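Only one chain is given next, in structure tokens, and it is the form predicted alone.
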């Protein structure tokens, strides 16, 4: 049964409507309607913030934000994250244009958290859809539930265990000689909600090993955790359309970008919000 929470807020929408929060699945995601992000009040923002923490990712249809409006909404959430390996827009150093590089150069066709090779990975990612083809869906999976559904024994074993995360895929894409890496706990505690999430990535080039272990010793457990993380009952798959603004919590969700649109034009703008060291 679909549950629609309608929250009446002062200055709710330009048309005088209501801000509505509609769950997208039983496990992750909510759609927010009845509001234009370029015009929200502080009271509306607080409702959206709570919905974000409750649902891990949010979808706002038909926003058609300008670059400045996208930046202004993102700035409400914290400081901007800048990745030195990525080519940002010349006049907007916090906006990363995402276009079709071809399937052979796609680095996101795997389940991953963003920029885990950094000592302080970003907290939040926001994508504004500007020119969308047929296809190119993105999927998200809830890593709170991935952790909570582990056996109690494995939860205990994983406490204090850290994994090495590398930027090998991006380094290859941009022709960098040095591959950045960081060690992070495989179970992290969200700094705002206090909930624990499984923090993992694709075994091999993204997560080559566990701390103080060889790759060969690490891979069986890493593969098990990775496969466990992406169970279908914890996933939402988004079909993009022009004007969408989608945001997700990079501290408790992994995502997967499907490249099934050949040579078609696909353009989105990404803005990320800085995070802290996983703990």
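Positions refer to the first chain, counted from 1. What you are looking at is a predicted structure, and each value in this text was computed from that prediction instead of being measured.
Quick note: we don't show the form predicted together with a small molecule, though the next part is all about it.
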property	result
Contact of residue 138 with the small molecule in the model of the complex (heavy atom, 4.5 Å)	yes
Residue 98: touches the small molecule in the model of the complex, heavy atom cutoff 4.5 angstroms	yes
The small molecule contact at residue 19 in the model of the complex, heavy atom, 4.5 Å	no
Contact label in the model of the complex: residue 257 to the small molecule, heavy atom within 4.5 Å	yes
Heavy atom within 4.5 Å of the small molecule in the model of the complex - the one residue of 112, 190, 130, 169 that qualifies	112
Option touching the small molecule, based on a heavy atom within 4.5 Å in the model of the complex, out of 240, 52, 60, 226	240
Within 4.5 Å of the small molecule in the model of the complex, all of 118, 199 and 219 (non-hydrogen atom)	no
Location of the small molecule contact in the model of the complex, chosen stretch of 247-255, 26-34, 227-235, 42-50 [non-hydrogen atom, 4.5 Å]	247-255
